[in-house]
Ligand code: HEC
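Only one chain comes next, encoded as structure tokens, the form predicted alone.
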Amino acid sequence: MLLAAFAPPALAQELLDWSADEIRAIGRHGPWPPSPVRDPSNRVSGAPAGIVLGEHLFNDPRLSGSRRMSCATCHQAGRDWGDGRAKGVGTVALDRRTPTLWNVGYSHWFGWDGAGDSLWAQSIRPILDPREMAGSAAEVGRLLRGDKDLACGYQRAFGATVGTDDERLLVDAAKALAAFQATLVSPRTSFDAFRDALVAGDLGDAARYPLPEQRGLKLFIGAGNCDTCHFGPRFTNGEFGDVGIGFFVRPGEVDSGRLGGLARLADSPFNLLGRYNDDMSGANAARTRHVQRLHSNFGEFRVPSLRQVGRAAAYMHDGSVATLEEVVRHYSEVNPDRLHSDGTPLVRPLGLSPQQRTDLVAFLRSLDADPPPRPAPPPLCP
């Protein structure tokens, strides 16, 4: 039985027919927002004092070697926690786009290549990377010991005075940074209102969702098979895929994506198999322990969340696609010969008509919403 069959005549033109299977598929993309999550590998995850310390550190340029670049330099609240550039810029121009931090606390792999298996480990990488912030554990240690407000905030968060082990202090700073970043949850959208109304059978509210967005959603969960990879409340499976984007970053040099990321993950002293994991059971390290590095991982990059996607240009891991319309065109016309993964590719040319492309973009933009203004961070030690 089709839901629209029960709609009053005045609403029949404003609500498409939705089958029970389609309603179930749409329902799986919510509810939003999800419940907060706590990272057992991070003892200050979800702790108010850890979050406050993390926000202050996030905005502190003294974490960088030059003392001029903070995490917020590239992850700007006013730019949806990105930088608005096609590719990031640290101490040098980078090869990948700066990813948004919206909803990052719900992920289980981090970075475009998954070289981080925790948000705190991922937060360490740009601090130490000479191409990005070019900092060091010693500098982080000196900062925490030398700034009385940060030292006070550290003691409140971790229940101990600042010690002398610089690497431990680097990890603790990153855990506070992760605690803060996990609070960055994107707002509800017009899609969420439609989804909730449709699941509840509230036809009046469901009919408020414009017809182009409804048609685009039908494509998304239907013929387009977009929700094969972009599923669940965050519109991502959190894994990696090859979508036909070239892997040469310059003549003779390639970005191997997930293949290289897994090598860096295995070599990292900060992965969940190491001594800094606060989950003594080790249960949260099972994914890291069992992940396999395969040739098929070459050229794979993280499947991004689609929430706030219309506000996040440019697109793809390398910023090579300028607009959302061009992203949809790419998937409509992708050349299978450009897919360089083994096995059966998930991506195939969709062959969408101009109207279908317009509708799909309209749906994707319904996953955007203006976030509320952010208040100033509270003091470290009131």
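Quantities reported herein were computed from a predicted structural model and do not represent experimental measurements. Numbers follow the displayed sequence, beginning with 1.
Although it is not shown, the form predicted together with the named molecule is what the next lines describe.
- Sort through 286-294, 207-215, 236-244, 266-274 and report the only stretch with a non-hydrogen atom within 4.5 Å of the named molecule in the predicted bound form. Result of the contact check: 236-244.
- Query: Of Ala197, Ala137, Cys229, Leu143, which one comes within 4.5 Å of the named molecule in the predicted bound form, counting heavy atoms only?
  - Reply: The residue from Ala197, Ala137, Cys229, Leu143 that makes the contact is Cys229.
- Would you mind picking the one in Leu184, Leu169, Val303, Leu150 that has a heavy atom within 4.5 Å of the named molecule in the predicted bound form? None of the other options qualify; the answer is Val303.
- Item | Output flag, Met133, Leu177 and His317 jointly within 4.5 Å of the named molecule in the predicted bound form, heavy atom basis | Answer is yes for this spot.
- With the cut-off set at 4.5 Å between non-hydrogen atoms, does Val334 touch the named molecule in the predicted bound form? So Val334 does not count as contacting the named molecule.
- Message: Test of understanding: in the predicted bound form, would Tyr154 fall inside 4.5 Å of the named molecule by heavy atoms?
- Response: Because no heavy atom of Tyr154 falls inside 4.5 Å of the named molecule in the predicted bound form, the answer is no.
- Query: Given that the partner is absent here, does Ile26 sit within 4.5 Å of the named molecule in the predicted bound form, heavy atoms only?
  - Reply: The answer is no: Ile26 has no heavy atom within 4.5 Å of the named molecule.
- Non-hydrogen atom contact Phe298 with the named molecule in the predicted bound form at 4.5 angstroms: Contact check for Phe298: no, nothing within 4.5 Å of the named molecule in the predicted bound form.
- Query: Who in 69-97 is close to the named molecule in the predicted bound form, meaning a heavy atom within 4.5 Å?
  - Reply: In sequence order, Met69, Ser70, Cys71, Cys74, His75, Val89, Gly90, Leu94, Arg96, Arg97 come within 4.5 Å of the partner.
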